[in-house]
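Just the one chain here, the form predicted alone, laid out as structure tokens.
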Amino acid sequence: MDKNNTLTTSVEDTKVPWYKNSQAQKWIFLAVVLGPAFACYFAFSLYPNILTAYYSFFRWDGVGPKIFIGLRNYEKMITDPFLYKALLNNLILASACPLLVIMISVILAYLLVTRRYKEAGFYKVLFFLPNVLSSVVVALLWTFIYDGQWGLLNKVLELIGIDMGGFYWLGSEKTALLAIIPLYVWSGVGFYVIVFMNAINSIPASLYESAILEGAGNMQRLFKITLPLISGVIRVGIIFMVLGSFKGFETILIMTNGGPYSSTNVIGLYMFNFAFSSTEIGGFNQHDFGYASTIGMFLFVVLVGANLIVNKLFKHEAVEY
């Protein structure tokens, strides 16, 4: 037998299959691990967003044929005063709620960690309780608190000598939006207390011990050590709360449905009502998925802008000691 043929045959017999190659195995591993995540992202996030952009150029009731109208939905959106009123309400909530939640959560977390209360575990459960409740239960609970006749708030005010005369806090344009802010703060503080407590516990105790030896008080340790070292966590929390305040609407839907006179209307609720509500808004026809999709595109732009602004205002800078 020819030696060259024998050598070629032996090389072919020992050739490694392509799927056993290290490079191929790496790509197979990435496909198996990341493939389901990318598939879910495409199916439940990217694809619906593409459809939203597509539907915004049509007039469609969700059932019948779609009628192409070009940029008319965007022209109507530009001149829609109710949309700008909803945007203003969103900006108020996005400004007040994250600020209050962050302040209260940081103070409570710092006290629970530094004071070493025996009841710290109980307090953590107590603060986190609103996050266990569904948004429907929370909305109904606070609706009862603000009730004019049987509400807890009016009863407490009566005990301290302030008679509100059956005033319904969610029924007035002046107080309805302000009454919703405590709900968001109450339901958000517990979660961020847990997050900030874990962040503070990760700070080396030697830093606090050195600061105490140098005579630093509680406030100095808070502002010079704690806040700088957990600033990254605070920044992420602010981003989540700002974006959540723009996207969330279910509690407002249950409590006021945007009323009275659109004083509590937000962009998400306005979009929802245009797609599914049977009531007339601003003289516009309802069940218009095309215009609702246009509002969705406007909300997307607002969310991107809000994210850029927060990243600009709260730059992430590494802090080392």
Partner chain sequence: MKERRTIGDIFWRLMLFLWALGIILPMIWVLYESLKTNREFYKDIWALPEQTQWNNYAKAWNYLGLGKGMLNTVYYVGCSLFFGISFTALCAYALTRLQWKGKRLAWNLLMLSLLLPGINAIVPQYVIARSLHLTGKLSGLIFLNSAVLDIFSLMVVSGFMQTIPTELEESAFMDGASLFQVFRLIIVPLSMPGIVTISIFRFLALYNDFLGPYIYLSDKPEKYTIGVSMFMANQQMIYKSDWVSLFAGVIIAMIPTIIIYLIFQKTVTQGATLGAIKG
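Only the largest set of C-alpha atoms that superpose within 1.5 Å between the two forms is called the rigid core. Residue numbers count along the first chain shown, from 1. None of the values given here were measured: they were computed from a predicted structure.
Omitted here: the form predicted in complex with the partner chain. The next part is about that form.
Taken together, the three residues 83, 223 and 264 all stay farther than 4.5 Å from the partner chain in the model of the complex, as judged by their closest heavy atom.
Proximity to the partner chain in the model of the complex, taken as a non-hydrogen atom within 4.5 angstroms, holds for one residue of 135, 201, 175, 95, which is 135.
By the criterion of a heavy atom within 4.5 Å, residue 234 is excluded from the residues contacting the partner chain in the model of the complex. Though the partner is left out of this view, residue 303 does reach within 4.5 Å of the partner chain in the model of the complex, counting heavy atoms only. With a 4.5 Å cutoff on heavy atoms, residue 149 counts as touching the partner chain in the model of the complex. Interface membership of residue 299, defined by any non-hydrogen atom within 4.5 Å of the partner chain in the model of the complex, is confirmed. In the model of the complex, 33, 34, 36, 37, 38, 40, 41, 42, 43, 44, 45, 46, 47, 48, 49, 51, 52, 55, 60, 62 are the residues of 31-68 with at least one heavy atom within 4.5 Å of the partner chain, listed from first to last.
In a rigid-core overlay of the protein, residue 46 has its C-alpha displaced by at least 2 Å between this form and the one not shown. A movement of the C-alpha atom of residue 28 reaching 2 angstroms or beyond is seen between this form and the one not shown when the two forms are aligned on their rigid core.
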